[in-house]
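To begin, one chain is listed below as structure tokens, in the form predicted alone.
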């Protein structure tokens, strides 16, 4: 209460709105710090060439010839990723673990004579490698006979319980918004409130993703790009997952006065498709393209979820690996050595001698909420003149690129805010021109 009164007392000079705002949980704060991690789409579609399987694919089709989840984790770490989210069950209903609640699983496949378990292999590899493990479990199931009936909600809950009990801890749970017909031609009415209650009960530290959270939201596109204005707040009242969700531009930007802390996650594939297809081996995004997606996701206060699909061997293809390792090398080199000295009390960076700068990274402390709604960077050039660079939100991280200038100092001035901003850091860099995103 004393802190709130103190904040209310300070609401004056920079357009502060006198109203309370949501704040992140400790799990959400830890999620913000993850910044970059992998999606892995793997299943029957890997072998059929489909993107959305129909659920009638024969289990015999799934038989990776040289599965190596330790290779996945090794390359993920080399790319800078801090976790992996696996499609444990996609829309075709095929389970990558021997589920008791389905007859369309890896146990019915020839892989390891029906004894294989991709979830076990990856969960163990993530533990060995020291990165987080997450799962995508599609509510839509085009194979299960109970789909389209109330009984399926219980099947889905049991499926989640089974995974969380056997393969936890699970850091992130990913819910797709797709809802189509099952094998009986019926669509499903999902009991998402009960799904949420179940996960909160069995694994309260797991963060849950969907169009409307409750913990993380879809960014509104599958291009890996967040809005240049990006609020971590979102209004969800009256909306539902899938077709009933907020408009895509709302998901992209969030709601300034939203009632819930639901930050954006930017999903995109390293290839044109989500599953591996041989004809796309030559269409892998380059290291530079990945770096620029990083600027448009993490650099706009969101997290970067990059899909890297294994091939029919059960391995990350060499072309993907080269691009990913190159991306991390670009990232490390670009942000290894900040220029100048940051003065937190004055929100300035000063250079002992004029320095060439074309990129500034801003970080806002989010523990008490997201505050900055408008800001200006005052760039003091070597000749003493001032040039301005303007922006709206900062959030967890904001990366601003501009044509290179020789500067004596940089000063951040917050022009509009919803509370007292706390700026953690301001860093200046000179990046290779071909990496910049304006």
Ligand code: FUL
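As the structure is a computational prediction, the values presented were derived from the model and not from experiment. Positions refer to the first chain, counted from 1.
Keep in mind the form predicted together with the ligand is missing from the figure; the text below concerns it.
Residue contact check: residue 300 to the ligand in the predicted bound form, 4.5 Å heavy atom:
Result no; residue 300 lies far from the ligand in the predicted bound form.
4.5 Å heavy atom contact, residue 91 to the ligand in the predicted bound form
Contact check for residue 91: yes, within 4.5 Å of the ligand in the predicted bound form.
So in the predicted bound form, does residue 396 come within 4.5 Å of the ligand, heavy atom to heavy atom?
Result no; residue 396 lies far from the ligand in the predicted bound form.
Using 4.5 Å between non-hydrogen atoms, is residue 31 touching the ligand in the predicted bound form?
No - in the predicted bound form, heavy atoms of residue 31 and the ligand never come within 4.5 Å of each other.
Using heavy atoms only and a 4.5 Å cut-off, decide whether all three of 41, 52 and 174 touch the ligand in the predicted bound form.
The answer is yes: all three residues contact the partner (heavy atom, 4.5 Å cut-off).
Can you pick out, from 154, 112, 281, 222, the residue that has a heavy atom within 4.5 Å of the ligand in the predicted bound form?
In short, 222.
Quick one: of 267, 162, 117, 311, which gets a non-hydrogen atom within 4.5 angstroms of the ligand in the predicted bound form?
That would be 267.
Proximity to the ligand in the predicted bound form (heavy atom, within 4.5 Å), stretch among 175-183, 332-340, 121-129, 254-262
In the other structure, the partner sits against 175-183.
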